[in-house]
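First, one chain by itself: the form predicted on its own, in structure tokens.
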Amino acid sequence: MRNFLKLIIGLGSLTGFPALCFAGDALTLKSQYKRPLEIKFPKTAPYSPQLVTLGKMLFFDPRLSGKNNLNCASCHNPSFGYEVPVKTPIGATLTPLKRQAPTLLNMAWVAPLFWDGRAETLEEQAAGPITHPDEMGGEFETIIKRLSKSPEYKKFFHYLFPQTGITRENILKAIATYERTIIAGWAPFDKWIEGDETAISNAAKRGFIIFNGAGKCATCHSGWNFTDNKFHDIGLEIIEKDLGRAEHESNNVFAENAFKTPTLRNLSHRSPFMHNGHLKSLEDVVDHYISGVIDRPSTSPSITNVTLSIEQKSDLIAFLKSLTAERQDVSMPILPN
């Protein structure tokens, strides 16, 4: 912490904060980014390893799609931060979807869900892509019939839900319980927060100060999961008309073109960025906030172009990359016959 305080005192003038004032704030700043050590499961869906196992099988099972050719991982690929490495995913109609697939990392701490916040729970969220005709194109009546033909699935559901068996509600509960266990691994940044001064570079440490200061990133990307769970129009160029949050909050001028603040965890695996996959790299994202923010009536009051030097931009990107954990192997489940 002593080295961190020296760094802050030396960089106060670069961040836009008075050096001594920011040094005092540093005593609590790092604590705001400490990771929780347990997942909070809802009382209606308490954790059990058996339920997570069932949910994982369903997550990877194409029988939940209309044509038996897509699963949840088709758009939420573990290798790419539970997103896809293209501008937007390809759905059941073999055409690109309007929005990028939001990451599933750390969703146990996120609500509401989707880019426009139309789902309050992970159970509700899971139903959306499964049944949407442009996404997986499934129908639960058909899905239940398919799963019921599997003796193994019948055994699993009877064990976990002895009174009800294979139902829409139980399918969604299993998937949501699995999704709550999809957690970003410990990144170098987390090790630094826990006291390992060697875990990240000096450039990344300077970037942390810029992130919380001159870059104004922490205004929206706050806390250990780097999201305020709110909706903002960040002044992106409108390529294709998309009302965003305004579809569900029509009387709020700031809801138009506003989308959910995403977590910044594992960014190095998650390009392209933004709700429409419009920006290809972290450099493009930072450049947007330096000179690309379009001022319009719906633009969030907290979003304005920022002034950063080339060196500050480099340091900020170094910090953002420190939020990526080492790749975690995700084993594929053996699906029931």
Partner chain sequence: MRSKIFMSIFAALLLGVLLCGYMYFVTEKGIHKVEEITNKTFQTVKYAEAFHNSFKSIDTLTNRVLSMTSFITKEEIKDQFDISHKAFANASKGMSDYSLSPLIQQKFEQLNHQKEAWLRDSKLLLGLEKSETIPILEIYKQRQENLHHTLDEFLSLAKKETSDQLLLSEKELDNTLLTTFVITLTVSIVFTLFAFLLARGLSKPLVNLVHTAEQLATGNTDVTFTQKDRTDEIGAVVRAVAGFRDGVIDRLSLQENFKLQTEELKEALSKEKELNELQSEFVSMASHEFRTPLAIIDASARRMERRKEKLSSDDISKRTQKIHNAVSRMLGLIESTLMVARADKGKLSITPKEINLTELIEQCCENQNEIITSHIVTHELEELPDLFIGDQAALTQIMTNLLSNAVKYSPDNFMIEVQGWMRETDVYISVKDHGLGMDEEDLSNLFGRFFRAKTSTGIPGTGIGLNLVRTLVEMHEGEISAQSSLGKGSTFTIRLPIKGENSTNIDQEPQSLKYASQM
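Numbering follows the first chain given and starts at 1. Just so you know, these numbers come straight off a predicted model, no measurement behind them.
The next section is about a form of this same protein that is not shown, the form predicted together with the partner chain.
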property: Heavy atom within 4.5 Å of the partner chain in the model of the complex - residue from Val52, Leu29, Ile303, Ile290; result: Val52
property: Interface residue in the model of the complex among Tyr33, Phe59, Phe273, Phe41, criterion: non-hydrogen atom within 4.5 angstroms of the partner chain; result: Phe41
property: Residue stretch of 61-69, 276-284, 294-302, 41-49 approaching the partner chain in the model of the complex, non-hydrogen atom distance within 4.5 Å; result: 41-49
property: Close approach of Ser331 to the partner chain in the model of the complex, 4.5 Å, heavy atom; result: yes
property: Close approach of Trp192 to the partner chain in the model of the complex, 4.5 Å, heavy atom; result: no
property: Non-hydrogen atom contact Phe140 with the partner chain in the model of the complex at 4.5 angstroms; result: no
property: The partner chain contact in the model of the complex: Phe226, any heavy atom under 4.5 Å; result: no
property: Within 102-120, the residues that have a heavy atom no more than 4.5 Å from the partner chain in the model of the complex; result: Trp109
